[in-house]
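Just the one chain here, laid out as structure tokens, in the form predicted on its own.
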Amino acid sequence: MSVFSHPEFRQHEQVSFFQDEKTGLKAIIAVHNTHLGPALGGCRMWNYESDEQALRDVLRLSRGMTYKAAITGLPLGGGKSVIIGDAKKAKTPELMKAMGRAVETFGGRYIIAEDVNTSVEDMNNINSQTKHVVGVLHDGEGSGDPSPTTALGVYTGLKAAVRYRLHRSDMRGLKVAVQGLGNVGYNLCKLLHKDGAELFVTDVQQDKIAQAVREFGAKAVTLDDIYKQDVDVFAPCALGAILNDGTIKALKAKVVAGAANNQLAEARHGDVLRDLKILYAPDYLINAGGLISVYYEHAARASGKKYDRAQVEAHVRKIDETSESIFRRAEADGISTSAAADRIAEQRFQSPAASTAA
């Protein structure tokens, strides 16, 4: 398995592989950039088809975290970790503790958090082996599950995109296709439903679709047909690389705004969306709510203060003005919104002194 010549290996500072025979842990931790601060990023457990697929995922995700921290003005770098295995069968407290010991070897350069198929309980187990973890919850202290805060950020960015592209300030009657009903996708549906949006949903788990139909009056859609819905907004909230040559051609939505990381299969797909006059809300900006939440937990712990949720939500709501500034810059410069966001983020993490709050 090649690392240095891997197409996704883009100036990563460190990539480490871990195996623990006793617990069955097989994990990769990637640190992309620490110019602005320690690398903070979630731990995803997934039953990857190959080791190469796991490596590709962790490299893409860790790089995305660098851009996410920079675009939101946080003094953090980008990192990510993946555990290879079926979370329903292989995950145990002992395995997560072994992961904590792996994190501890970084000495604080990497801070771990919750992600796909990991939980607050898992972070608590990791916390028994290292202090370099966020998203924990003990005796009511800590940020806990970041999903609701991530969903709030996605909703904030989605509304900014709707206002900019569709010239609408309210959600009532807005048609939104939500792909993926995990913790973030489902919380996003709650916010959309509360404000009167009409939902079209899909997921690999039929029980989640049934629940959304029951609770929100959503229309159930097959996995393949979610792209083809005659809706205003397409909200990808599952895994990445789903905006590609085939799926983009099928879209009828004028706005793409969702929680999934790395939605563009290739950078050029940002230009494809622009040429089709589909406004893309850069994923690493609008899904940054969870990162913002756990950053404030980390900062509170370091200063001996309590986690302040109101402070977190105030920062998350700044995603609105940051999104609009990116939309305007893209239009003025004749580039895609993804390219505009990248330029701002790169200026910040390549020149730390230029970083300012989002």
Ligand code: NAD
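Note that residue numbering follows the sequence shown and begins at 1. Just so it is clear, the model here is predicted, and its values are computed rather than measured.
Missing here is the form predicted together with the ligand; even so, the following discussion is about that form.
Residue contact check for residue 202: one or more of its heavy atoms lie within 4.5 Å of the ligand in the predicted bound form.
Interface residue remark: residue 44 is counted as part of the site for the ligand in the predicted bound form, having a heavy atom within 4.5 Å.
At least one heavy atom of residue 223 is located within 4.5 Å of the ligand in the predicted bound form. For the chain shown alone, residue 261 is a contact residue for the ligand in the predicted bound form, at least one non-hydrogen atom being within 4.5 angstroms. The putative spot formed by 10, 31 and 54 is not touched by the ligand in the predicted bound form; no residue has a non-hydrogen atom within 4.5 angstroms of it. Across the options 104-112, 157-165, 128-136, 177-185, residues that bring heavy atoms within 4.5 Å of the ligand in the predicted bound form belong to 177-185. Site annotation in the predicted bound form: the residue of 265, 87, 239, 273 reaching within 4.5 Å of the ligand with a heavy atom is 239. 147 is the sole member of 211, 247, 119, 147 with a non-hydrogen atom within 4.5 Å of the ligand in the predicted bound form. Residues of 305-327 that come within 4.5 Å of the ligand in the predicted bound form, judged by any heavy atom, do not exist; none qualify.
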